[in-house]
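Presented as structure tokens, the chain that follows is alone, the form predicted alone.
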């Protein structure tokens, strides 16, 4: 689903259009650009909600938000990489999977 600025503000309820534009300008939210301005997908809206929670509920200072978002982006990126690696290992013959698992366990306990 695609949202306009006004729709994001309506759906999220904790942000004004002015704040949303500031967050886009700061690079915290990166919507696509449509014919009539920025357009937000569901991931963008989820990120807006996250920033609202960071700023409101968790009282993260404005200057710390980029760092928190960067760290969260890195965690999500690593998670995707680990899922891809797990799929690649699962696609291997049983003896290769067993060897990888054994090596992994020894590295984690050693």
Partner chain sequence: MSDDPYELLGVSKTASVDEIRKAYRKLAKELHPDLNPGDKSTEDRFKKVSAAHSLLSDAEQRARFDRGEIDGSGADTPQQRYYRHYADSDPSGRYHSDAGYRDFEGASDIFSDLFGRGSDGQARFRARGQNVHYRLVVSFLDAINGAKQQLNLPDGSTIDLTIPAGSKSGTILRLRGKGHPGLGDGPSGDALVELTVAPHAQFSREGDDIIVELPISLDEAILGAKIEVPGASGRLRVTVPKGSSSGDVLRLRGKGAPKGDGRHGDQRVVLKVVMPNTIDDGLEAFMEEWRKEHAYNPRETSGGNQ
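Numbering follows the first chain given and starts at 1. Fair warning: this is a prediction, and the values are worked out from it, not measured in the lab.
The same protein has a further form, the form predicted together with the partner chain, not shown here; the description that follows concerns it.
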is_contact(residue 66, the partner chain) in the model of the complex, heavy atom dist at most 4.5 Å: no
Proximity of residue 41 to the partner chain in the model of the complex, heavy atoms at 4.5 Å: yes
The partner chain contact in the model of the complex: residue 16, any heavy atom under 4.5 Å: no
Residue 25, heavy atom within 4.5 angstroms of the partner chain in the model of the complex: yes
The partner chain in the model of the complex - contacting residues of 44 to 62, heavy atom within 4.5 Å: 44, 46, 47, 49, 50, 53, 54, 56, 57, 58, 59
